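Before any questions on how it binds or moves, here is one chain, the form predicted alone, in structure tokens.
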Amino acid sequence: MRRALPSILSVAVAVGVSFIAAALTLGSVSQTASAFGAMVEGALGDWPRFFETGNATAVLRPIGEAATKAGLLTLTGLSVAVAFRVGLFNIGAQGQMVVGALAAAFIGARLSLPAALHLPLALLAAAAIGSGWALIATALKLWRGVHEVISTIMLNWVAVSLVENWLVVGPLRATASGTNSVSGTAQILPTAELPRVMAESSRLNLGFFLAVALALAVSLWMQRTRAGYESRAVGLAPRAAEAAGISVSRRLFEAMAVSGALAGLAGGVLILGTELKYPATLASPYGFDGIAIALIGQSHPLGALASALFFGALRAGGTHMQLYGVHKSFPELIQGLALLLVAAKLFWERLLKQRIATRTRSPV
């Protein structure tokens, strides 16, 4: 904990500075205060209204929306963080999420099974397809020397084009009923839906709790198991790890398989929990956001969880800020500034270490 404290403080400072910098774009002090008040209300609920009227929806709906977004950000953030830990840059979480979402939509709509089997099978299909998509980049790296940044970025657009420009509008398109035009795939069956925790008061479903459980599981795997230790060793010094008898290629495959599965699972949770079908276009860029979540969370599973919870609340609150003329992408501005400051911290730390090393070597 003591070792992690400086990193936690630096991230907190980066986020705080980002808030201040973003607030300067809103105009007057009163407008800024009103806009941020709306953000808090949209993220944590209208508590004065709840105490006045007893209407629980005023609190449950915003909190549920924030948690729903946080669950998806947690899964994609974990996906990127796991790859980072072994020294791989998985920039393809968006593509892995897209193919995972389609797999969940297909299983959810085309198979008729009891809920006890249908929902787990749809989630497993999403994870398996996402994992397989990520392993394409891993195989290209290990056997053909293709850098994973290039291959995962390209696979993003292959996935989007394959799914949204062909499958969703072609073979898997929903059948129109009567004169009504239907976009996207067919609606998933009720047996494949993720149960909602608060009934009709909120969209919060079990996907959020699954994401939290997976963050804890990944943390235990990375910190408490032999495989996790070897994966971290590969990320820190692959040649030394190989010299110590660790199979580098095996750990890279394992990490990318887990990384892709987490991103694919994010797509599955999105479809089975909120969308209930694959829409014409999956406009939510949670896969790309996962890169920022992982970096701000210092590539640690619990750090990614904390970062996702925070920015999930901001996303939910950002929608409410539109009542005051603030664009809904305002939280993304804060997230982007925080990411730049965290990256700048790493740059200055490296530069400072180089200066200290140079002074140490120079004669007095």
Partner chain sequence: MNVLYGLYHPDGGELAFDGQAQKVRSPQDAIARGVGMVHQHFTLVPNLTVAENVVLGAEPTRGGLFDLEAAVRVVDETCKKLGFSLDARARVDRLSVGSQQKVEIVKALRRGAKTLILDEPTAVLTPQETDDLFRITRELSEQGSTVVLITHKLKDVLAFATRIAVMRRGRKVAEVRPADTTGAQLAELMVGGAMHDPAAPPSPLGATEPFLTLEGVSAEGLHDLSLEVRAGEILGVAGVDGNGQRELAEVVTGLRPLSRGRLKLGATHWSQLTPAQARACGVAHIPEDRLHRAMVADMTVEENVALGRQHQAPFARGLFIDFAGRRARTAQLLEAHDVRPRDPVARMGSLSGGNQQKLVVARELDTAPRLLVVVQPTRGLDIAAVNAVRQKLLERARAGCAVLLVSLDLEEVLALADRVVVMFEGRLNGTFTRGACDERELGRRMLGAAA
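Positions refer to the first chain, counted from 1. None of these values were measured; they are calculated from a predicted model.
Omitted from view is the form predicted in complex with the partner chain, to which the following refers.
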> Picking from 202-210, 220-228, 281-289, 258-266, which part of the chain touches the partner chain in the model of the complex when contact means heavy atoms within 4.5 Å?
Replying inline: 220-228
>> Even though the partner isn't displayed, in the model of the complex is K277 close enough to the partner chain, meaning a heavy atom within 4.5 Å?
In response: no
>> Given that the partner chain is not shown alongside this chain, does G245 nevertheless sit within 4.5 Å of it in the model of the complex, heavy atom to heavy atom?
In response: yes
>> If we define contact as a non-hydrogen atom of the residue within 4.5 angstroms of the partner, is A240 a contact of the partner chain in the model of the complex?
In response: yes
>> Residue-level contact is defined here as any heavy atom of the residue lying within 4.5 Å of the partner chain in the model of the complex; does R196 satisfy this criterion?
In response: no
> Of K141, R173, H118, R232, which one comes within 4.5 Å of the partner chain in the model of the complex, counting heavy atoms only?
Replying inline: R232
> Given that the partner chain is left out here, which of V182, L216, V169, L236 has a heavy atom within 4.5 Å of it in the model of the complex?
Replying inline: L236
